[in-house]
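In structure tokens, one chain follows: the form predicted on its own.
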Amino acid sequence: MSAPTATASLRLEHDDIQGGVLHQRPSPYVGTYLLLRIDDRRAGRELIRRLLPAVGSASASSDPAQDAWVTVAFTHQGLKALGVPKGSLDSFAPEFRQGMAARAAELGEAIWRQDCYQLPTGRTSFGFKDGIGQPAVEGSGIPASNPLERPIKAGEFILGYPDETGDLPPMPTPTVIGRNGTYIVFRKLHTRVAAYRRYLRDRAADRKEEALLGAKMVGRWHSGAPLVLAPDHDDPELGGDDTRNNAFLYGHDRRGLKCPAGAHARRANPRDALDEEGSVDVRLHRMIRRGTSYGPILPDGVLEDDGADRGIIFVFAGSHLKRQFEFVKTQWLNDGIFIGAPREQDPLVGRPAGNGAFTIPKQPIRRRLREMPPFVVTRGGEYCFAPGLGGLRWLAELTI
């Protein structure tokens, strides 16, 4: 097949899009997430006015200071507290209006702060390189990391532009609050690292097999090298090469002998693996992810939980909460029907009903891991909306 072009004539209004939506966090990084409650709408608007100079746009900059930025997003209740008119509030997506707690019963109300930072290893608490496999956005000017895939239409992630269906996604009104905005999913995920390590240690003959089992569950080796390109052993040079570690498809490995169909990375983004079935357009379910680590690293070799809270702050940005985040979470991560294993869930972040299971295709006999406990526990989360810079100014100038 010929490689599709990564360039497009569409240009986004970068000066009006919040920078954190399109640009990856720097490496290394430190950051803080703050959840604030608005008790007084005038004070809330004043806070927005003060924050505006610190909110960077998606326009490229050579200024080193731009490696630090602020992203501002609001819950539905937050917009209501600011005095956004009812007609405007009712124009937002129903999932956003209901909120994550109502749709998934996962979050209580709280005022909260979470500091995060890149671990010394540069990897997640489970030991794997993260942040690989982000979709290329048409018109963003950011080069694609996978030359085998066409850039995704901008409207899948930024409101006001055509999406993969060719239409404009539903956009909140007035236009100033909706255009160049995006929905944000925010989740705090606690990782049970010691339990994960013990599970692998108990089922592996040696450390080499332990690493292989972990890679099969994730779809990548610790270095970030994908199994479809390095099926037998880790390849740190490949994993560290951002021009190669995402340049692959799954079509030639439909049986999953290299990368199991149920592996975490393959479930979250099946790429071309579902092309033959024709029932699912994977491009309608792509997600921009922004993962950051929190909590101390569990030292190598430690198999007992030390009681520390550690994990990942997961952030999703997109135009369609239901068919992007909610679809991937419920249909691909927590249901195995689409891979022919209806009782299996994502081995890393799935919610096993009872004892989880995971199949590793192998010749002549496949291997099946059973009695898998949950390795990731959701501590909380919420649906938010990040307006464009014009939308932030509109909110700051409300007089209602």
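Numbers follow the displayed sequence, beginning with 1. None of the values given here were measured: they were computed from a predicted structure.
There is another form of this protein, the form predicted in complex with a small molecule, and it is not shown here; the text below is about that form.
Taking the partner from elsewhere, no residue among Thr121, Ala211 and Pro299 has a non-hydrogen atom within 4.5 angstroms of the small molecule in the model of the complex.
Of the stretches 88 to 96, 200 to 208, 185 to 193, 153 to 161, only 185 to 193 has residues with a heavy atom within 4.5 Å of the small molecule in the model of the complex.
Gly133 belongs to the set of residues with a heavy atom inside 4.5 Å of the small molecule in the model of the complex. The small molecule is not shown here, but in the model of the complex it comes within 4.5 Å of a heavy atom of Asn269.
At a distance threshold of 4.5 angstroms between non-hydrogen atoms, Arg220 is in contact with the small molecule in the model of the complex. Under a 4.5 angstroms non-hydrogen atom cutoff, the small molecule in the model of the complex lacks Phe74 among its neighbouring residues. The partner is absent here; in the model of the complex, the one residue of Val176, Val228, Met287, Leu82 having a heavy atom within 4.5 Å of the small molecule is Met287.
Think of it this way: in the model of the complex, the small molecule has a heavy atom of just one of Met171, Leu321, Ala265, Ala273 within 4.5 Å, and the residue is Ala265.
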